[in-house]
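Quick setup: one chain, the form predicted alone, written in structure tokens, and binding and motion questions come after.
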């Protein structure tokens, strides 16, 4: 039996499922961490906290303006050597994607807050409303509605970015596709299936995001009435 003569087997379907599971797991965990940290960075920068705000801005600028692949190598090879710790490929992927996502989320948070009518904030402060209450009742619901389209776009983009994590040895969907392709030598079957899987996942995110956008958009209109 020669190279590429084995054809597809049930084992390929199992590999595909495992790769899909790892892709979704890395994506979900890194997005949760990235969004949480990004909101914190955005608020620190919006309220202009001294020193730490500038430090976070410098880190965010680097993460936004350097290739994700470089960041991935920096974390996997550089961070582990610097801190004398052993990072698994999955851990390095999650750290990289979470940090990269946080940098963009911070921008979304700031731009969404600044898009809110300043008169509302001034009126709330004139009634002696404290900043936490303003954040909770005025800024949060309206900025979330404004941010939703940008957030959905970012999530879809970061989903595509997960295809890069295979270069450090993560057995994600792309890595599995490469393995199956090398064994079967059927690129016009393997890669369309991989691409279609990413496409379906992106569409699911888009549909859910669209529903959330309408929901929060309606809430924002009620707030403005």
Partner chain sequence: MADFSSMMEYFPEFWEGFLMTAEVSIYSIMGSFILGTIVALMRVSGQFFMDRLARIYIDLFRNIPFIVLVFFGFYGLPEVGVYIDAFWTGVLVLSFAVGAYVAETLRAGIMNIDKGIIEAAQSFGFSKIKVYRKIILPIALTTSVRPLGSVFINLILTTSILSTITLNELTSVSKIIASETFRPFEVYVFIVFFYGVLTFILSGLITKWHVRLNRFASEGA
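Positions refer to the first chain, counted from 1. None of the values given here were measured: they were computed from a predicted structure.
The same protein also has a form predicted together with the partner chain, omitted here; what follows describes it.
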(request) Mind telling me which stretch in 143-151, 105-113, 80-88, 122-130 gets its heavy atoms within 4.5 Å of the partner chain in the predicted complex? (result) 80-88
(request) Tell me, yes or no, whether residue 164 is in contact with the partner chain in the predicted complex, where a contact means a heavy atom of each within 4.5 Å. (result) yes
(request) Answer with yes or no whether residue 185 is in contact with the partner chain in the predicted complex, where contact means some heavy atom within 4.5 Å. (result) yes
(message) If we define contact as a non-hydrogen atom of the residue within 4.5 angstroms of the partner, is residue 58 a contact of the partner chain in the predicted complex?
(response) no
(message) I'd like to know whether residue 195 contacts the partner chain in the predicted complex, with contact meaning heavy atoms within 4.5 angstroms.
(response) yes
(request) Taking 4.5 Å between heavy atoms as the contact cutoff, choose which of 13, 212, 202, 24 touches the partner chain in the predicted complex. (result) 202
(request) Scan 56-80 and write down, in order along the chain, each residue with a heavy atom lying within 4.5 Å of the partner chain in the predicted complex. (result) 62, 64, 65, 66, 67, 69, 70, 73, 74, 77, 78, 79
